[in-house]
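Below sits a lone chain in structure tokens, taken as the form predicted on its own.
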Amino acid sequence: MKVKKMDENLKEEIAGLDRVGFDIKGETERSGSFLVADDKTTESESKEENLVVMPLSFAVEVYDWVNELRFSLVDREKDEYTKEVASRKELLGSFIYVKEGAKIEAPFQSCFFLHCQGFRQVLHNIIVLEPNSELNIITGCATGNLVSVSSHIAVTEMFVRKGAHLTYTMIHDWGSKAVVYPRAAIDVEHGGIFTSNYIALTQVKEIQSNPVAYLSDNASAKFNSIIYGRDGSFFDMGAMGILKGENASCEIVSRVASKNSKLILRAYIEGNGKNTRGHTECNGLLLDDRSSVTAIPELKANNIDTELSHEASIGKIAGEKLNYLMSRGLDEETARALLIRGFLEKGIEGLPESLKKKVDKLIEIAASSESL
């Protein structure tokens, strides 16, 4: 259903949201769409019988149990941002629900868009996959062409029931003065699989995010991140895996490049169950003396039968690689851009081919000599 009519100015800007994976032109197969512009839900649509999509404000009225899920994973008193979401009288955000056993093949797309300068967007999203269901979500977050100052605050709670599989890919393209504070938690039940892909390649004032996954018996989670911080950006990013059940596993992998920016990468895995496994990995590339990359891996073992490991590397572009490319006829800027592109492209494996092409194109643009 189309829940709001878009004005022509907004429609023109939304047409450009393919840069964050939101295809309003219908050129890519999608199982459904959800779009919020500022504080208006402009699109909420499902093309699948077993996929329910609606604004969260509708969902709490249609399903009695939805209200019980709100703040069941994220503590409403966690910080000032969760308190702000909890205090809102009017709910803004998405409800995505996949029925038991449904394998939704086409990706679902959602987007949270800031259209007005200085707007403060406050959201609460709930995603539920019933047992043995599957869904691939592509979420884009972006600001309008003339928007530099804005705020985005969101609480997202995801429930991956027994044997279900959720892939959640988020692409950020914010304004230069945007501040972004998402708070997310995921409950992965017995045998469930959760995969998170995060891509941020453009300038932003500040992003602070540290989602946590709670993993039951035989459940697994993997967090992948590609970040290109530049032009005074500050990223405080991370992920947490709490291995509650037997044979649970978690992997947190980050690949970041920093040019005149500050990046903090946090990774925390706690092994509580028997035969649990966890691994964190951070690869950082410094591009100038005004940049910093801080890797903070933390492992906690509460069970003698858990295996946890971490590795991290931070450095600059290898001189021998740069010299080799220049000896083959490339100028220094082009050679540097090619090396940065190759470094970032290794960050996420296993993306659907259509999305991989999109991400590779974004990396190519970000790493181009014109952008350096």
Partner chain sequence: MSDSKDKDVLLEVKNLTVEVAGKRLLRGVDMIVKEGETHVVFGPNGSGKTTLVNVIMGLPDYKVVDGDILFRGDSILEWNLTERAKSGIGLAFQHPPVVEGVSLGVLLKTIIPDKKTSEEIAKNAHMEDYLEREVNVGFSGGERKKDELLQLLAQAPQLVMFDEPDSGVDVDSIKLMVDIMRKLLQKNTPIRERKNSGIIVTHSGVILEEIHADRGYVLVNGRLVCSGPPLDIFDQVKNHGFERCIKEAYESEKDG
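Numbering follows the first chain given and starts at 1. If you're wondering where the values come from, they're calculated on a predicted model, not measured in any experiment.
Although not depicted, the form predicted in complex with the partner chain is the subject of the following passage.
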ask   = Is there any non-hydrogen atom of Asp305 lying within 4.5 Å of the partner chain in the predicted bound form?
value = no
message = Can you work out whether Asp64 and the partner chain are in contact in the predicted bound form, taking contact to mean some heavy atom pair no more than 4.5 Å apart?
response = no
ask   = So in the predicted bound form, does Glu49 come within 4.5 Å of the partner chain, heavy atom to heavy atom?
value = no
query = Would Lys316 count as a contact of the partner chain in the predicted bound form, using a 4.5 angstroms cut-off between non-hydrogen atoms?
reply = no
message = Among the candidate stretches 324 to 332, 305 to 313, 29 to 37, 65 to 73, which one is within 4.5 Å of the partner chain in the predicted bound form when only heavy atoms are counted?
response = 324 to 332
